[in-house]
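Below, in structure tokens: the form predicted on its own, a single chain.
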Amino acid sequence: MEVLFTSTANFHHLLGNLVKKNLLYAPRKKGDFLFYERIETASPKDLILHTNRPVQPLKSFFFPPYQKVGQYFESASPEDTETPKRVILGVKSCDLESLKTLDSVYAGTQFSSSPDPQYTRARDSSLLISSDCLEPDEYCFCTLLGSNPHPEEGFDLNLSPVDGGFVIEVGSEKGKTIVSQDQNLFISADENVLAQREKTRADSLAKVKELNQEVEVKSPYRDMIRETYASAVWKDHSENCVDCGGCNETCPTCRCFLLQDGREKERFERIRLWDACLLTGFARVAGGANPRPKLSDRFSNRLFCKFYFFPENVNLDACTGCGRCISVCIGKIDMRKVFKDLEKERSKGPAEKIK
């Protein structure tokens, strides 16, 4: 990968050029939280790039919570709608990792030879400018899953703050095109700025590891979970769950949906909505039968999906350690502590395994 340097002033100039031809989204603080918002100026004063991830997951740009996927008695279709070009700035490593899971389903890289056209158009029309996470919060646990708080792949360009500007790493052909269009804004990164970047990254990595010292387990989650099918830990932790589905909604890798038909004036539309496996009716079928009627069943199913079912089929954990599920949980459930309790139970003797 090509590694360059740009000054703060030149970076703002680059943003100004991007805003002219694209919709630009970046994290902004509202109250105590970060949200992606449309940015219309080249150098917004309240732009926040190098803290932790925003509340909303990156998937909302490519797989929105409410999306029309079909309509009847109209000449136009959702496929005919032009997808705007977007630049998404300040994307974090955990969200970039989540795209591997979404792509495996909706881009057809694993499960289907027929990609979702709306998803793929949104992906193709978006430029991802990621940035290092330098201020992880108490909920971040990417290191427990073998990742780092700085992006290593999946970005078009990545920003690392250094004195006087940014180290910019080029990660794709899209990124190369952006750099080539404004070559005068960049110079080669020298050893001093690269050393500063590595020092800052090492400090951030140490912060995440320190935050997770008490909840770290000895075995990977995917190895632990297959032995816990009949564990009492699921029921114990689900006692605090209020069945709101917030963990599903904020998760960057949860990809389940339901289809709803409705009427809009003289036409009928089919809408795709995010669904949540923790909700009572998620698995309910005709006649009212439900294979997971108990909350503890649905609670365990969510983590089995992420660390057993998905890895078995795609060899990917469907979790990136972003910690959003912990931060939004009304019942204060921390999945790291769930696995810590599973490890304690495991040390006492063998449990029932999934066959």
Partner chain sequence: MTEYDPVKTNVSEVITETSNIKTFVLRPERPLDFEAGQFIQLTVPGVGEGPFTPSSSPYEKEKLEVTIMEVGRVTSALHNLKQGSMVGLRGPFGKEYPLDRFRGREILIVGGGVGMAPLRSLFLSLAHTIEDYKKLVFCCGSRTPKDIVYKDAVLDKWQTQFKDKVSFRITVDEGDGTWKGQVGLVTTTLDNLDKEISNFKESIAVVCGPPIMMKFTTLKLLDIGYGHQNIYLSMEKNMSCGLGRCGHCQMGKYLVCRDGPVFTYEEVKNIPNMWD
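Residue numbers count along the first chain shown, from 1. Definition used throughout: the rigid core is the maximal C-alpha set that superposes within 1.5 Å between two forms. For clarity, every value in this text was computed on a predicted model and none was experimentally measured.
The form predicted in complex with the partner chain exists for this protein as well; it is not shown, and the discussion that follows is about that form.
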Any chance I129 has a heavy atom within 4.5 Å of the partner chain in the predicted complex? no
Looking in the predicted complex, any heavy atom of K100 within 4.5 Å of the partner chain? no
For D261, is any heavy atom within 4.5 Å of the partner chain in the predicted complex, or not? yes
Consider P64 of the chain shown here, and say whether it contacts the partner chain in the predicted complex, taking contact as heavy atoms within 4.5 Å. no
Are Y72, D116 and F257 jointly within 4.5 Å of the partner chain in the predicted complex, each by at least one heavy atom? yes
Contact assignment for the partner chain in the predicted complex, among L96, V105, I178, L159, heavy atom within 4.5 Å: V105
Please identify the residue among S327, T51, N301, Q56 with any heavy atom within 4.5 Å of the partner chain in the predicted complex. N301
Which of these stretches, 148 to 156, 206 to 214, 270 to 278, 240 to 248, has heavy atoms within 4.5 Å of the partner chain in the predicted complex? 270 to 278
Which residues in 300 to 320 have a heavy atom within 4.5 Å of the partner chain in the predicted complex? N301, C305, Y308, F309, E312, N313
Rigid core aligned, does the Cα position of E266 differ by 2 Å or more between this form and the one not shown? yes
